[in-house]
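As a starting point, one isolated chain is supplied in structure tokens, in the form predicted alone.
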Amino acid sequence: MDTLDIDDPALENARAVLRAQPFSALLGARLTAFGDGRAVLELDIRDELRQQYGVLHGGVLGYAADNALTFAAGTSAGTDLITAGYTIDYLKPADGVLLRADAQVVRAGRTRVVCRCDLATVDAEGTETLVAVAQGSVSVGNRTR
């Protein structure tokens, strides 16, 4: 999957969906990959996203996991989706200049898609550190029910 292919209609459609989410716009989230059972969501780590100890707030990591999981599911199941649930394990404090949530489909069923997500920070030198892992299920066809 070419993460830099700006002419990819599926990636552009997914980016339009992300832009339509006011909270995602507030955080400055962006999709850098979408397709083949995978989605990658990134956001810049800013001071207002940190908690009292100076590291990225766990809620920001949860947001990134939730959205990346659901976008990954969308590569297999279309757009009528909503997160059914997810779990996240925080592995170490998240610090750096960038947060990257890389989600992949584990199994796509007719009514549920199960995905997993690695969350990593990237520092100013480009070093990536795994800070959390998540797994979730996405419900197909239940967005408006």
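Please read these numbers as outputs of a predicted model, since none were measured by experiment. Throughout, we count residues from 1 along the sequence that is shown.
This protein has a second form, the form predicted together with another copy of the chain, left out of what is shown; the following refers to that one.
Among the candidate residues Ala120, Val60, Ile45, Val40, which is the single one with a non-hydrogen atom no more than 4.5 Å from another copy of the chain in the model of the complex?
For this set of options, the contacting one is Val60.
What I'd like checked is whether Ala20, Gly85 and Ala134 together line another copy of the chain in the model of the complex, meaning each has a non-hydrogen atom within 4.5 Å of it.
Yes: each residue has a heavy atom within 4.5 Å of the partner.
Close approach of Val97 to another copy of the chain in the model of the complex, 4.5 Å, heavy atom
No - in the model of the complex, heavy atoms of Val97 and another copy of the chain never come within 4.5 Å of each other.
Taking the shortest heavy atom distance, is Leu130 within 4.5 Å of another copy of the chain in the model of the complex?
Judged by the heavy-atom cut-off of 4.5 Å, Leu130 is in contact with another copy of the chain in the model of the complex.
Going by a heavy atom distance of 4.5 Å, is Ala77 a contact of another copy of the chain in the model of the complex?
Looking in the model of the complex, residue contacts with another copy of the chain do not include Ala77, since no heavy atom lies within 4.5 Å.
Is there a heavy atom of Thr32 lying 4.5 Å or less from a heavy atom of another copy of the chain in the model of the complex?
Although another copy of the chain is absent here, Thr32 would stay clear of it in the model of the complex, with no heavy atoms inside 4.5 Å.
Considering only 102 to 134, what residues come within 4.5 Å of another copy of the chain in the model of the complex, judged by heavy atoms?
Sequence-ordered list: Val106, Arg107, Arg110, Thr111, Arg112, Val114, Arg116, Cys117, Asp118, Leu130, Val133, Ala134.
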